[in-house]
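Listed next as structure tokens is one chain, alone, in the form predicted on its own.
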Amino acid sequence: MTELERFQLTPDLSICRVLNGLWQVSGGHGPIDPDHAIAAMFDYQEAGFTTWDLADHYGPAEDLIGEFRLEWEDQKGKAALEQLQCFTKWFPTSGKMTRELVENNINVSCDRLGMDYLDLLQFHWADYQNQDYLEALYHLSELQKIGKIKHLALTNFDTEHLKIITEAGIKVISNQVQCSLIDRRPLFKMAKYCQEQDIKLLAYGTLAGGLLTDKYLGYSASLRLNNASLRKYHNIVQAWGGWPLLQQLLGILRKIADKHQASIANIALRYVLEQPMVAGAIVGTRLGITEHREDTAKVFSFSLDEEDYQALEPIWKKSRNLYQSIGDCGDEYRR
């Protein structure tokens, strides 16, 4: 298998540039058998996909990683735990952001993961009119100082509020945002500001829930939206330009893929990895159900050239600008 690229996110944190996304275990994607899921985690880890993206609200994701860590240590030894990078999220839904509330929630994640501290805590906030997000981040920064959090990051913050946070003196190392051939919103303002502040991007939605794959080339518009990912990203496709335009895009991607002896998913993922400030791209994992590790690894065996980018331009000219219709990164999650 192709050697997987890594990225030095910080001097003490190296990640695989393709992260294993665990939203798929949170419900809405079919049942997950814990034993099969953990066995699959071993396969991912041993293949070099060592970086895991999860959240406190992704169903049993933190518990599964906690059990996996125990079994990995049992088989490989305690030192082998350093080979895993576990990035979780905290999504507070209510309550005054007191130090006690913030610390209690971080302790819950640590307990579920079986860790004394979190490798990377990605903070999400739904309501910008409630400015308690700054209070929460101040408390998280204090917890970082005492070693409960190794690195602090954000999820789905727009450029305006990312700027407010950095100007308040709060250091974050990354922001996780949606980015794909369809959703290019981070390229309008976010990437430039992140470059100025040395903040990296972790991209999700890179394959649009599987719609940016060979499976859906030539597929009828009346597809069954039988999981949460398909429903979510089908809505994005509709906002972007609709199913016929997606089919045109997939046809162009197939030609580019033929040129590079790759899959459509490879081209879609490679595009995201080549965008400014993107440190890593998240690909959802259906643990114990399906896997595409060998194909995914091929994304590191080639680069897109100018001809490839030029071939995509006509599609983007036909599509709607999601930055204008939805707003900046994460605006679809705002209340």
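Owing to the predicted nature of the structure, the values given are computational and were not obtained by experimental measurement. For every residue, the number given is its place in the sequence shown, counted from 1.
Keep in mind the form predicted in complex with a small molecule is missing from the figure; the text below concerns it.
Of the candidate stretches 67-75, 225-233, 165-173, 193-201, only 225-233 contains residues with a heavy atom within 4.5 Å of the small molecule in the model of the complex.
When contacts are judged by a 4.5 Å heavy atom cut-off, residue 15 does not count as touching the small molecule in the model of the complex.
The small molecule in the model of the complex is approached by residue 89, whose closest heavy atom lies within 4.5 angstroms of it. Contact annotation for residue 283: at least one heavy atom lies within 4.5 Å of the small molecule in the model of the complex. The small molecule in the model of the complex comes within 4.5 Å of no heavy atom belonging to residue 105. The single contact residue among 150, 215, 99, 254, judged by any heavy atom lying within 4.5 Å of the small molecule in the model of the complex, is 215. Listed residues 249, 208, 121, 113 were compared with the small molecule in the model of the complex; 208 is the one with a heavy atom within 4.5 Å. Taken together, the three residues 53, 265 and 290 all come within 4.5 Å of the small molecule in the model of the complex, as judged by their closest heavy atom.
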